[in-house]
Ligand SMILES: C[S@@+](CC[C@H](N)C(=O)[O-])C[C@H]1O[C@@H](n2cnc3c(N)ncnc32)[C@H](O)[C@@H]1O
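The data below hold one chain only, encoded as structure tokens and taken in the form predicted on its own.
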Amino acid sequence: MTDPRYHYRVVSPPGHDELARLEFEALTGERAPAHPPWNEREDASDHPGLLWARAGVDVGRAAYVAECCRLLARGTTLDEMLAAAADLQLRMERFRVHARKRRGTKVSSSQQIERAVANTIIGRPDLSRPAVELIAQVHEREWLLSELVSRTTNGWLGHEQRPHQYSSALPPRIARAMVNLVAVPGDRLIDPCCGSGTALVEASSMGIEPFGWEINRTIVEQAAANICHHQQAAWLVVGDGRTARGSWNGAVLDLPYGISSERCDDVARGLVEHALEVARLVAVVTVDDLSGLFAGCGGEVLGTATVIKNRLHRRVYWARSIGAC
């Protein structure tokens, strides 16, 4: 097995670390450490930790994975890293170097680091419109020089603003991460309880064809208004999502809150079971513990996450259908 040559910078607000880990795993196909390293900072000025993988992927659509970089050179000191870079005799045109220096690091200024790295490269820099971006940074007391492969566009930003809002609606950033767990651009996605259309907007903006079911006609009309507001497109159906017929690559399911306890198990089971019948991958968010539900519904849980905001604890389940069409 080859050593990982790509590292990913993950940025997540407090309480979102576990969902960020799942998004990293879905995008890269790599397992993330159980304890998020991006929380392990020596002081508040530290940059978020890095997760390593053997392949580099496009993270442009990510909610929490900010960057993917390819490692070029490393060293226990800045001078050692510069020597390793010089040995590579890198040839690049129109490059720019960006130094990320931890506060209090007793080395040269960021500008001096950038010039020192640039001096190891054969080619012309371009600070205004670079074709290649290089990043020099400290990680776990080691200096790394890497080439930027891809960076998130933060496409979910601004999607909070829409004509129709609900306090219980899924925040766009969480919805985007959940879509990334189950679908890629070009796929078809179903949301059998689409509500005001948050997940549909995120899916459409990523080049995924979304289909939404909602039993309340008024809410469907509001979802349509929200989708149009963001200049996106989606198929909308007034009806019970458990009756949807067809096949989809992925399903996103935000289980309704506030259902009476007598009906909760039956409604949740019916929605999850149907989603696993019509989609290969399923992401479910709920406030309830569904850990024992998936095996009986024909699903294999790939990962779980708790997303915390104030007193609300959302639980995300990422599952694969055992017998999906």
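Note that this is a predicted model, so its numbers are computed, not measured. Note that residue numbering follows the sequence shown and begins at 1.
Below: the form predicted in complex with the ligand, not depicted.
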When the contact criterion is heavy atoms within 4.5 Å, does residue 216 count as touching the ligand in the predicted bound form? yes
For residue 234, is any heavy atom within 4.5 Å of the ligand in the predicted bound form, or not? no
Even though the partner isn't displayed, in the predicted bound form is residue 210 close enough to the ligand, meaning a heavy atom within 4.5 Å? no
Indicate whether residue 111 is a 4.5 Å heavy atom neighbour of the ligand in the predicted bound form. no
Does the ligand, in the predicted bound form, lie within 4.5 angstroms of each residue among 68, 130 and 147, using heavy atoms as the measure? no
Option touching the ligand, based on a heavy atom within 4.5 Å in the predicted bound form, out of 206, 194, 117, 81: 194
In the predicted bound form, the one of 142, 240, 160, 93 near the ligand [non-hydrogen atom within 4.5 angstroms]: 240
Within 4.5 angstroms, counting heavy atoms, which one of the listed stretches 122 to 130, 150 to 158, 83 to 91, 169 to 177 is next to the ligand in the predicted bound form? 169 to 177
